[in-house]
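As structure tokens, one chain now follows by itself in the form predicted on its own.
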């Protein structure tokens, strides 16, 4: 893997995780079951009730957050359970491994978010969007930020005994600023036409993504060697 350079190793890790997920479908099955179950509960709870725009935006991102918690937590845990983490450490450096897994998580969560948003709009007719570009940008930035935070947290708790408990406990305070901001941006997409009104939220989301990735780049080397 070293011979391929940074991009080659990153692509190799991404292909490995993708092929592994296609074989096992662990994350896909967990995400699918969570999505169907939660949407069914929301549908039967609200029925014909009128739901405020802010509640729709908040519910959508709560669904995306917990779906991410159920599906992305296995990124590094799988390597520990299978014993392949040692092979990765011996065959390559840390940084491209992190970015390969980050790329896999980002693409997986983007697909999940797109499907979940479409299903949410179909199931709940009150979810009406006035600015589709604003919604798409909000979903993309929010998804990238959530996947970035989930990836580094997954690396942190991979060797812990209480992984299932630690993952959401550590994730929530870290992603809370992201969730609050992206919920506001989604609310703007549902209430106003044009994406100019959400520029302040976009700046916060971009800053969050840059900050979390910079911090991850700095600390992952130490996590990897621990």
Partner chain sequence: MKVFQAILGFWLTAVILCAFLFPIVPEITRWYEFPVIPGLEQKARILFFHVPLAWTSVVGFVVSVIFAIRYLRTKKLDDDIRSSSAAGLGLLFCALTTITGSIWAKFSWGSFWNWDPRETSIFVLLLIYGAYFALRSSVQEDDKKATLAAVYAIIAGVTMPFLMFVMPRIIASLHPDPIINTQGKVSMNGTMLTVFLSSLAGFTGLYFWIYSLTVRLARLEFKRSSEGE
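Numbering follows the first chain given and starts at 1. Bear in mind that the values here come from a model prediction, so they are computed numbers and not experimental data.
This next part talks about the form predicted together with its partner chain, which is not shown.
Would residue 55 count as touching its partner chain in the predicted complex under a 4.5 Å heavy atom rule?
Residue 55 lies outside the contact set for its partner chain.
Just checking whether residue 44 would be counted as a contact of its partner chain in the predicted complex - the rule being heavy atoms within 4.5 angstroms.
Result no; residue 44 lies far from its partner chain in the predicted complex.
Does its partner chain get within 4.5 angstroms of any non-hydrogen atom of residue 187 in the predicted complex?
No, residue 187 sits far enough from its partner chain in the predicted complex that none of its heavy atoms falls within 4.5 Å.
Taking 4.5 angstroms as the cut-off for heavy atoms, does residue 153 touch its partner chain in the predicted complex?
Flag for residue 153 set to yes.
In the predicted complex, which of the stretches 189 to 197, 60 to 68, 31 to 39, 176 to 184 has residues with heavy atoms within 4.5 Å of its partner chain?
Result of the contact check: 176 to 184.
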